[in-house]
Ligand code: CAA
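For reference, the chain that follows is the form predicted alone, supplied as structure tokens.
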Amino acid sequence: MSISKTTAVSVIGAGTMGNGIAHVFAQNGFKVTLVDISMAQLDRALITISKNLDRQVSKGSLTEEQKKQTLANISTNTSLIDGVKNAELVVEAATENIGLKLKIFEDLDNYAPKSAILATNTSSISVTKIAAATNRPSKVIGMHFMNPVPVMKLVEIINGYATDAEVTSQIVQLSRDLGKIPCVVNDYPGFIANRILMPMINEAICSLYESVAGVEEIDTVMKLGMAHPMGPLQLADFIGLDVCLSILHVLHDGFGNPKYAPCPLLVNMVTAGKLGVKSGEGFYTYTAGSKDLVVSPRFK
């Protein structure tokens, strides 16, 4: 099977990553079925996609007609069975939870056509472990998009232990067809993106925890001194502190090296429900409609 714009694509999960992935496929001419157990979440996803398309139209990178066609390319379904029964490519973008992903892939193996490629958008969980939940490990691969998906060019392609070379080749070419830049890596904890990024974020949090510097100072040093577009603490808020913690646990458990142990401050913040942008407070506070970056009172 070759992947072309006639290929039926299903995206599992209508959250931030799922709706972004569906957006990119649909904008590039693919017919996409967006699947989520919550109809309300699917409705929110379509609203988000429409707003993001409006932003592209206002910037002149998309026409109004292209926006309409993109939305017409997306259908939704609350049934996994119905949502993947005709899929030739499935991209799973559910919550970064190993138990949930294993169950989804077990179900995908039962419900999707036997010829279908099953891709996971996991940012850290072993693709080999996910593939082992299926009877088609050669057709399971990691396709890790970056957030926000419509904007970010990178796709980290992760080979599981048994991933077929032809499947990898097809997903690499597909990524290019989507206007992305693919980087192929092998299946070890954190892959490349998060194996390097998360220890940096964790060290920034440790520096705050040890009162080496404040929130603004840490982020300013990394922005102005290292040419990072966003400081590590602001980036952690954007990713979600719970997601950062989960990835650090994967790294710590996978390598058994204490250098990956999560900072106690990060653990406490997640326990307290201070997750960053999604909860309205992390290292900064976030108010709907405001773009001002305000340090959380806790760290002033």
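Numbers follow the displayed sequence, beginning with 1. Please read these numbers as outputs of a predicted model, since none were measured by experiment.
Although not depicted, the form predicted in complex with this ligand is the subject of the following passage.
Proximity to this ligand in the predicted complex holds for all of Asn52, Lys59 and Val151, with the criterion being a heavy atom within 4.5 Å. Residue heavy atoms within 4.5 Å of this ligand in the predicted complex occur in exactly one stretch of 202-210, 167-175, 84-92, 224-232, and that stretch is 224-232. This chain is drawn without this ligand; in the predicted complex, the residue among Ala133, Leu197, Leu80, Val215 with a heavy atom within 4.5 Å of it is Leu197. Proximity to this ligand in the predicted complex, taken as a non-hydrogen atom within 4.5 angstroms, holds for one residue of Ile239, Leu251, Leu245, Leu42, which is Ile239. In the predicted complex, Thr163 stays away from this ligand, with no heavy atom inside 4.5 Å. Although the partner is absent here, Thr120 sits far enough away that none of its heavy atoms falls within 4.5 Å of this ligand in the predicted complex. Looking at His144, you'd find a heavy atom of it within 4.5 angstroms of this ligand in the predicted complex. Scanning 77-94 for heavy atoms within 4.5 Å of this ligand in the predicted complex gives no residues at all.
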